[in-house]
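Shown below, as structure tokens, is a lone chain in the form predicted on its own; questions about how it binds or moves come after it.
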């Protein structure tokens, strides 16, 4: 059961990273993508969506009832949420490191639109600096 759960978690994580990459490429959020090339980002995202699913279902028999060692609905929900959260953290970390040299001035209230021109880490830092200056006043 534990191996099945880990396999499911990794599959969800990789597929979610792929979905975020495709969405960021389509939405023009250059601060979230791993590659400068829009085509390469979409291709990598598509591979990250399809390859883990193919691996998951072709590596072992996965049509298992929860009482035979499979995951019940509650476990699936937990591992899906954890996999999605992991994908978000990994995407934000890697894209902030890869696009570290991306410099752009953003307003503190730019929201998700700030990711068109800057990384997540830099946008958070700008927002925190602005809040700390306003807090002192």
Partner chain sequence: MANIDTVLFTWINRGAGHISVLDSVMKWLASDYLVPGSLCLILLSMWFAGINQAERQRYQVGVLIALGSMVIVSGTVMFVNSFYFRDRPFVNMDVLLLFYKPTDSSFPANSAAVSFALAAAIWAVNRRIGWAMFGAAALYGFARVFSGVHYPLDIIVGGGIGMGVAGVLHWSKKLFEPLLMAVIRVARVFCLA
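Quantities reported herein were computed from a predicted structural model and do not represent experimental measurements. Numbering follows the first chain given and starts at 1.
This protein has a second form, the form predicted in complex with its partner chain, left out of what is shown; the following refers to that one.
Chemist: Within 4.5 Å of its partner chain in the model of the complex, do we find a heavy atom from each of 4, 71 and 92?
Modeler: Per the other structure, all of 4, 71 and 92 touch its partner chain.
Chemist: Considering 64, 78, 102, 47, which brings a non-hydrogen atom within 4.5 Å of its partner chain in the model of the complex?
Modeler: Of 64, 78, 102, 47, the residue with a heavy atom within 4.5 Å of its partner chain in the model of the complex is 64.
Chemist: With a 4.5 Å heavy atom cut-off, would you call residue 133 a contact of its partner chain in the model of the complex?
Modeler: Flag for residue 133 set to no.
Chemist: Mark residue 34 yes when one of its heavy atoms lies within 4.5 Å of a heavy atom of its partner chain in the model of the complex, and no otherwise.
Modeler: Flag for residue 34 set to no.
Chemist: Considering only heavy atoms, tell me if residue 112 and its partner chain come within 4.5 Å of each other in the model of the complex.
Modeler: Result yes; residue 112 sits at the interface with its partner chain in the model of the complex.
Chemist: Can you tell me if residue 98 lies within 4.5 angstroms of its partner chain in the model of the complex, counting non-hydrogen atoms only?
Modeler: Judged by the heavy-atom cut-off of 4.5 Å, residue 98 is well away from its partner chain in the model of the complex.
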